[in-house]
Each structure stands twice: as structure tokens, then as C-alpha cells.
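Given next, in C-alpha cells, is a single chain: the form predicted alone.
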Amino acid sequence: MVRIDLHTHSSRSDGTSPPAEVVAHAVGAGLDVIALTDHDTAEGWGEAAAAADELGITFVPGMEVSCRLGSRGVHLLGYLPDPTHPGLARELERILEGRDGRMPQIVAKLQAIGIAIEEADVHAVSGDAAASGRPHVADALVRAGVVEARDEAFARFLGPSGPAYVRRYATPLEDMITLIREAGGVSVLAHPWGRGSRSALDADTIARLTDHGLTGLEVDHQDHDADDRERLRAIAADLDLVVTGSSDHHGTGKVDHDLGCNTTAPDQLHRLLEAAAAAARASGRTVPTLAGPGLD
């Protein structure tokens, strides 16, 4: 049986392992196909693709883009877009600048409530990430002994209701779906009913997003219980959307998200790749390809 995980993160965003190690760990977990979907960046693709070629696993280039729908933050998985597409590249740069730009403000708010943390402490844990974001602040708080884990840092300080929360720029969701399509890629809503997004992403809204080119829903995810998955699968069937499943693996940065804990069915991956091939032809762009042994 082919095992496929289409949502993982490396140290190029808020994961804890370099891209090549994520690929190696995927092999160790018995996966046949792995996608790297770091936040708002394609920086890890080259390293991951080289590792996939060496280790004999199929690699799908992807990214998880920070978007907004009204006043709510929503994440969008993009697969196989051309990251040099001017519109897409401009938006990704703007999003990353927003991540970097708010980090000093977050640190200042933490200092104002008596927490001894410096910007240098955050940079020390963010390493080669494309931007230093809230997860890295959380890791710095863990390292300083203020909290025991990222989840506690978000719950106490960094979440939207926390004393150190700072809003940042995120692309309107409809615009990003269009940009990914114009860049020759395809888009899938990440954990659409996780983290309080159920009310924003109801069936009617998802149907409207298909008019902009939405390709799929990430149904099998740790943020979704059995009832959520059943209902989302029904919405996907009604709208003829691709259904994906994945771990949302972050290494040691997120518990209960082991590689392969949720997987995508092979026929759904083939549908996704067929849609990506059609988008690439329509865009006329040179888009990335799969690395590793490929698929039958």
C-alpha cells in the first residue's frame, strides 16, 4: 500500500528538522510520498528533493501560505506552483516580512509583562528559517524555562487573546488561491475546521472558493474528529474536490503529529497531480516537478 503524507514542516519554517532530515524520517516512517509545505516559502525544496532522489522516496514540492478570510486567519496548502511567479513571490515576501516585523513587537510585549526574553533569544532558535515567527518565540520561551511547550506558550501569551499577540499581514484567501493557480499550482485548504475555523469555512463558503480555483480539502488531520472528517468528506464529494490527509508534522515542535499519522489515498494524489499539470499548462510557467522515483 502506498503511504502519502502531504503536509510537513522543516526548520526552514517552524519545524525542528532540516529538510533532508524530514525526508529521511519519512522513509523511516514507511512513507512512499512526502510533501514539504513550509510556511510561506519554497526554500527547503532543493534540499528535500536531493534527499528524496538519494533515498528513493517521491517528493512533492509545496508550501503552506498564511491567508485571511474576513477577519480570520486561514492556511492554504499550495502544491507545485512556480515560486518565481512575480505575484506569488511578492505576496510570499510580504507575508514573511510580516512575520519578521512583528517578532520584535511580540518580544517587547513579553518584556512589558516581566518576561526576560530578547530578540537574540528568538533568532538563536529560529536558525535558518525564512522568518522568525511566533513558534520560534514559543521555543525561546521553552528554552528560557517560562513554559514547558509551544502549546502552553500560545495558550498563555502568543494566541489571539494572549497579552503578547500582534496581528500581521496575510493575503486574502481568494487572492492566494488565484495566485497559486496562475503560478501553475493547485491549492488545498489546510485543516479547514481546525482552530475555530468551522464557522468561517462552511459549505457555502467552500463552494464559493472553488470558483477561484480551490482544488481540495485537507480532511484527515489531527485537528478534525471523526464527525468533522465525515462531514468534510461529504462537502468534498458534493463539490468534486480532492480529499487529502496528512500529519502536519513539525518534528518535536508539535506533539501528536507523527509522520504518516494521517495519509492521502493514491487516487486522490493522482487527481491532485492531474489538476496541477492542467494548471501548469494553462499558466505557461516552468513549474517544479516531483523528485525521487515518481508514481506509477
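Just count from 1 along the sequence shown to find any residue number. Small disclaimer: the values here were computed from a predicted structure and weren't measured.
This next part talks about the form predicted together with a small molecule, which is not shown.
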With the partner left out here, if you bring back the small molecule in the predicted bound form, are Gly194, His221 and Arg233 all within 4.5 Å of it by some heavy atom? no
Exactly one stretch in 111 to 119, 83 to 91, 129 to 137, 205 to 213 has heavy atoms within 4.5 Å of the small molecule in the predicted bound form; which is it? 129 to 137
Consider the chain as shown here, without its partner, and state which of Arg271, Arg229, Arg68, His250 has a heavy atom within 4.5 Å of the small molecule in the predicted bound form. His250
Flag Phe157 as yes or no: does it have a non-hydrogen atom within 4.5 angstroms of any non-hydrogen atom of the small molecule in the predicted bound form? no
Decide whether Asp151 counts as a contact residue for the small molecule in the predicted bound form under a heavy atom distance cut-off of 4.5 Å. yes
Give a yes or no for Arg181: in the predicted bound form, does one of its heavy atoms lie within 4.5 Å of a heavy atom belonging to the small molecule? no
